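A single chain, nothing else alongside it, follows as structure tokens in the form predicted on its own.
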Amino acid sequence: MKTVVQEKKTRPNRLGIGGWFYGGKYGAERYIFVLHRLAGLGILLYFIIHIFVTGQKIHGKEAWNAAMSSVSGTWFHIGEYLVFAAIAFHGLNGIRLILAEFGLVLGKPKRPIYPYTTANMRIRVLTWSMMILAAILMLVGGYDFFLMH
């Protein structure tokens, strides 16, 4: 009877938490991935704070007014814009990831014939298109947040 011993192939985590922020050979897409994570965590933090603040309404009008006065002012307005920017970036990058994950931008697999082509350029065009669209959305939102109000 043979026993199969599988060696566990693990690589030590040499970078630690710094590995989150190191693009390495992946370049810009890796940094966009890190920003996507950070934006998601920021949006989650905002939702937790939002639920806590709006939950103060059940304690009466005075608690509600105290909670609302604590979340007003210039810094809060800047924070609201940062949440808006995070949602714009996270949403558009999420659409890009969904399109790539379902293979809608990769095309159908086919037999490799020289000269070989890859889907990298199609993905990069989509990536930069979404980032430019996110930047335009952030600029328009910034105009509305800071100049219209």
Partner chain sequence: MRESTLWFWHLIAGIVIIFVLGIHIGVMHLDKIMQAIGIMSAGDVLSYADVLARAKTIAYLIIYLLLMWFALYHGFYGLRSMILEISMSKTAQAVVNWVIFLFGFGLAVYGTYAIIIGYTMANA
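Fair warning: this is a prediction, and the values are worked out from it, not measured in the lab. Take the two forms, find the largest set of C-alpha atoms that superpose within 1.5 Å, and that set is the rigid core. Positions refer to the first chain, counted from 1.
One more form of this protein exists, namely the form predicted in complex with the partner chain; it is left out here, but the text below deals with it.
- Contact check for Met68: a non-hydrogen atom falls within 4.5 Å of the partner chain in the predicted bound form.
- Among heavy atoms of Phe84, some come within 4.5 Å of the partner chain in the predicted bound form.
- Put simply, Lys61 is close to the partner chain in the predicted bound form: some heavy atom of it is within 4.5 Å.
- Taking the partner from the other structure, the partner chain in the predicted bound form has no heavy atom within 4.5 Å of any heavy atom of Arg124.
- Of the residues in 96-119, those that come within 4.5 Å of the partner chain in the predicted bound form through at least one heavy atom are, in sequence order, Ile98, Glu101, Phe102.
- Annotation: Cα of Ile136 displaced by less than 2 Å between this form and the one not shown, core superposition.
- In the core-superposed comparison between this form and the one not shown, the C-alpha atom of Ile17 has shifted by at least 2 angstroms.
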